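Quick setup: one chain, the form predicted alone, written in structure tokens, and binding and motion questions come after.
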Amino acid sequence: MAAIPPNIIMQIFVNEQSCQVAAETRLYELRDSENQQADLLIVNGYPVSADQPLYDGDRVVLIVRGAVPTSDDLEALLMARHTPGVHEKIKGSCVGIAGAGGLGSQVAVALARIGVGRLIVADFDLVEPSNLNRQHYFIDQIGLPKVVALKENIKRINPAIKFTALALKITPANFKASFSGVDVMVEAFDDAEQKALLISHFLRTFSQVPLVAGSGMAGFSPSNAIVTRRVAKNLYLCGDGVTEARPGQGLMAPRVGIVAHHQANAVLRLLLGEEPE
């Protein structure tokens, strides 16, 4: 960013709050005036370990290591390492997720960590022991409805997220009411028939809303075979498109997680007005 002449007031952001400071203000001077106990200083999404000049528009986050922040400060601190300008564009967005298993639970966690404002997650299943090999649940949550357990986990990460838990099986009769108002939709079902049903109904019902689906993530084939592709006007497919679960080729955390994060990144790019490919 360009320097401003001396004695001119510039605007920066301190813990995501707008702040006016003198043009010659330096990082340590700001820390000493705002929070002398701060021992982790992040400037424009990157931690720094030396004093430096500040420039107009800089975003500074001051963190006291090990201290639990107040609710007012938490959002800013969660976004401290983000690329500047992203949070303002996505915090008012709403993402629907159909399925809360290996894909859906991890997509939801990733979107909560980046600060997507609202998540609508639908799943009728319960957490069971075999889910723990790849899904974002814990042993003490076995037996809970997945959407209830996932809501608990999301609240522990980012309590500001508005989480709508739909403990139901998605059908043509309840589909429109369940996901009305979403900005982007994520398909995260294991069952091929459910996948086909959701994709066909969604593209007909919400023709202007992007849909990010997953296909091909089983086994331990190379990671680089997994890609994100645009396969129709508003349909994006993440995975290798080949390695489906079958006898002798199960679902495991590494490749399922890669596909889930392909989906989450595709959602982020769509919310920012970028093509996912």
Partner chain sequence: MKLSLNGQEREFTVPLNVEQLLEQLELNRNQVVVELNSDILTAENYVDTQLKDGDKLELIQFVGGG
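Residue numbers count along the first chain shown, from 1. Please read these numbers as outputs of a predicted model, since none were measured by experiment.
There is also a form predicted in complex with the partner chain; it is not shown, and the following applies to it.
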**OP:** Mark residue 243 yes when one of its heavy atoms lies within 4.5 Å of a heavy atom of the partner chain in the predicted bound form, and no otherwise.
**Re:** yes
Original post:
So in the predicted bound form, does any heavy atom of residue 168 sit within 4.5 Å of the partner chain?
Top reply: no
**OP:** Give a yes or no for residue 204: in the predicted bound form, does one of its heavy atoms lie within 4.5 Å of a heavy atom belonging to the partner chain?
**Re:** yes
Subject >> Proximity of residue 130 to the partner chain in the predicted bound form, heavy atoms at 4.5 Å >> reply: no
**OP:** Counting only non-hydrogen atoms, choose the one of 37 to 45, 225 to 233, 65 to 73, 23 to 31 that falls within 4.5 Å of the partner chain in the predicted bound form.
**Re:** 225 to 233
Original post:
Tell me, which of 196, 148, 160, 126 has a heavy atom within 4.5 angstroms of the partner chain in the predicted bound form?
Top reply: 196
Subject >> Contact at 86, 185 and 265 by the partner chain in the predicted bound form, all three, heavy atom at most 4.5 Å >> reply: no
Original post:
For the stretch 106 to 134, which residues lie within 4.5 Å of the partner chain in the predicted bound form by non-hydrogen atom distance?
Top reply: 134
